[in-house]
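Just one chain follows, in the form predicted on its own, and it is written as structure tokens.
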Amino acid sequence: MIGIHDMGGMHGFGKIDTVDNEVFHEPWEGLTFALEKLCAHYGVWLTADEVRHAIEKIGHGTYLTASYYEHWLHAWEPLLIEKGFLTEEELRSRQQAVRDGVDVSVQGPPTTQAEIDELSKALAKTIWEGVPADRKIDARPAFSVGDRVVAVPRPVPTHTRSPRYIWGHTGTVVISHSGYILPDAVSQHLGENPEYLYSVKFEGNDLWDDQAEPGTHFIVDLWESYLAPAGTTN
């Protein structure tokens, strides 16, 4: 979808600060990271695209002023309500209790070594291996390494992993992956609908002319329906 999250190449936001060696700036960020991995491990959401789409629907003002992990928390509230893990009333009641300074109870940590081991194993497995999203497809892939392809404009009102700054531009397939769950479908609970995935290289000066940093190129992972053979679209 076209939203404030799709900021690649936008003007007016200044230089990106890439000097930040802190993994977590506050203790709650580490807890948020762990909870996200455990939710993924236990199937609360099938892929990160459900969370990504929920983040895309955050109000523009909140999106621009909230931190990275605050985006996650803003996304989880509607997702967990939608999936039936809590109700709107329970959430608002707890928030009000915190504002009122009430000592709200929380579920305690695991009390047995077996429980600790299970959680630790689940967390480590999800961090190191992720949740597999590759799927077998019987049909042959439409593109091969070296093919020139164009990114089809995709102004869908929902989720897509095709960023706006590449729409209509031509690139080269540099890696041909196997089939992967289509983010556009799974984020809308429309099934997995796997498609072949490709890593496509775009030259910076093709995207942004002489405003691009010299020698810059971008490699973007794109699903098959995002692409067409070069020269077949306007």
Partner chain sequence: MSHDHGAGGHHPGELSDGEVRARALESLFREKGYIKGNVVDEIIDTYTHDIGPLNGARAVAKAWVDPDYRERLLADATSALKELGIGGLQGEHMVAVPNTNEVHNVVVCTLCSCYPWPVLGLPPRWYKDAPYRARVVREPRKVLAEFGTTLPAETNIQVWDSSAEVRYLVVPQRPAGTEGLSEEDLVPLITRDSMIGVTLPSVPSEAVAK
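Superpose the two forms; the largest set of C-alphas matching within 1.5 Å is the rigid core. Positions refer to the first chain, counted from 1. Here the structure is a predicted model, which is why all the values come from computation and not from measurement.
The following text describes the form predicted in complex with its partner chain, which does not appear among the structures shown.
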(message) Given that its partner chain is not shown alongside this chain, does Ala230 nevertheless sit within 4.5 Å of it in the predicted bound form, heavy atom to heavy atom?
(response) no
(message) Can you tell me whether Ala54 touches its partner chain? I mean in the predicted bound form, with a 4.5 angstroms heavy atom cut-off.
(response) no
(message) So, Thr170 and its partner chain: in the predicted bound form, are they within 4.5 Å at any heavy atom pair?
(response) no
(message) Under a 4.5 Å heavy atom criterion, is Ser105 part of the interface with its partner chain in the predicted bound form?
(response) yes
(request) Kindly confirm or deny that Thr126, Pro132 and Asp221 each have some heavy atom within 4.5 angstroms of its partner chain in the predicted bound form. (result) yes
(message) Need the contact residues for 190 to 224: heavy atom within 4.5 Å of its partner chain in the predicted bound form, sequence order, or none if there are none.
(response) Leu197, Ser199, Lys201, Trp208, Glu213, Pro214, Gly215, Thr216, His217, Phe218, Ile219, Val220, Asp221, Trp223
(request) Examine Trp208 after superposing the rigid core and state whether its CA is displaced by 2 Å or more between this form and the one not shown. (result) no
(message) After a rigid core superposition, would you say the CA of Pro141 moves by 2 angstroms or more between this form and the one not shown, or not?
(response) no
(message) Once both forms sit on the same rigid core, is the C-alpha displacement of Ala114 at or above 2 Å between this form and the one not shown?
(response) yes
(request) Since the C-alpha distance between Leu197 and Tyr42 changes by 3 Å or more in the predicted bound form, give its direction relative to the shown form: closer or farther. (result) farther
